[in-house]
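So this first bit is one chain, no partners, the form predicted on its own, shown in structure tokens.
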């Protein structure tokens, strides 16, 4: 039995279609990624890009949320949160970076299509991009980040990286030295949360082939090989007015809540893989001089028990967040600050716990924990890189204070 079957989760809340999708993805990633990993390692063209195409296009995650009249699967009720969690943790069991990319696409789809709460014009305009063609779309976000310069417009303590201005029936989006959340080198679609002078911020969709996007060189990094990230040296793009998906905080809260669900589920999937690695290790290693199987030694058994406990807690937390998004009216509605805050808390807890648990597992396995053939070090690198993309925890704590204590000056 693998970790997906042993580590507890609320199976009763998922319908048969969700469980079938998880089973399909589990079989697919085992064959297409896990079995080829030792040979191809982190080869983007040979392993990661073809696997992403199978996950998003052939299995259909790229069409999942879009209404049937636009060519999609029409799975756009809030209950799709369970589908997202079940799918992403299976993808992350094989490769955290692929799940990280898929989380971007699924969060954008949910925010545009979920029960008509996204911009209807933007939904109609962008559905063909997702539902037709013959390849997967790589989605990236341009979100506020820590501002090094004074005078930069801020959103919840972070500086906007992009600004937008209405020009007739179009929007002009501009910025310099922008760090996207992923895939700046090859993203097909950027979702930019932009400052608008004197008005509410705007979330604007910018196709990757829009003139005026100057991409830099691929960034050197230690994890998330599926994401070929690069800074945008400059952005000076003009797009149709229909590319504005929404104005104001509600839409951003909705997008980020689903995005954080994706990150929590991805962390859960990484820990399922970690559990399977240490379980196999514990079954087959003997402690010299003791004639004990590794897992039967009291000290190592206690540490392995802690690994399983923390893995279970992260998985249950991810599905608890899915349940909140599946029934949003009980928590202030989709796009509420309450849901956003809960999602941010759970994402930070899931990523921090995943880093801690994999650290402990690497210590248990000694030098083998750092050896590439055991794969564990890759999960650590990927989780740590994803945690960095989640943003500074100190700024997140201010977000928690804004909701729980109604602070007004942060």
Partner chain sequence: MRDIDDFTRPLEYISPMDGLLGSIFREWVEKEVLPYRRQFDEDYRDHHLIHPPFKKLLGEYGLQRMIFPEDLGGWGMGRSNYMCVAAFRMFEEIARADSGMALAFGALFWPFLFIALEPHENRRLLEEFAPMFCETTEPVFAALCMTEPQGGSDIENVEIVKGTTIQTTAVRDGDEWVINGHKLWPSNTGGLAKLMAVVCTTNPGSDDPRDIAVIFVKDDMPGVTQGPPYEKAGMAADMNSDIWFENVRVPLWYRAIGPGDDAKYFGEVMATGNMGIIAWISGAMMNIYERLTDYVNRKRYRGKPLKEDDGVAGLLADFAANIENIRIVGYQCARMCDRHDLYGPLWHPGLVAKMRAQRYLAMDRFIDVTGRVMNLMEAYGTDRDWDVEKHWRDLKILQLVEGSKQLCQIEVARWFYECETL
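Positions refer to the first chain, counted from 1. Note that the structure is a prediction, hence the values are computed from the model and not measured.
Omitted here: the form predicted in complex with the partner chain. The next part is about that form.
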Check for me whether the partner chain, as it appears in the model of the complex, comes within 4.5 angstroms of all of 154, 299 and 371 - heavy atoms only. yes
Answer option from 37, 44, 384, 70, heavy atom within 4.5 Å of the partner chain in the model of the complex: 384
Name the residue from 125, 239, 213, 303 that puts a heavy atom within 4.5 Å of the partner chain in the model of the complex. 303
With the cut-off set at 4.5 Å between non-hydrogen atoms, does residue 360 touch the partner chain in the model of the complex? yes
Even though the partner chain is not shown here, does residue 132 get within 4.5 Å of it in the model of the complex, heavy atoms only? no
Taking 4.5 angstroms as the cut-off for heavy atoms, does residue 221 touch the partner chain in the model of the complex? yes
Just checking whether residue 149 would be counted as a contact of the partner chain in the model of the complex - the rule being heavy atoms within 4.5 angstroms. yes
Out of 374-382, 337-345, 29-37, 59-67, where are the residues with a heavy atom within 4.5 Å of the partner chain in the model of the complex? 374-382
Check each residue of 379-397 against the partner chain in the model of the complex and list those with a heavy atom within 4.5 Å, in sequence order. 380, 381, 384, 385, 387, 388, 389, 391, 392, 393, 394, 395
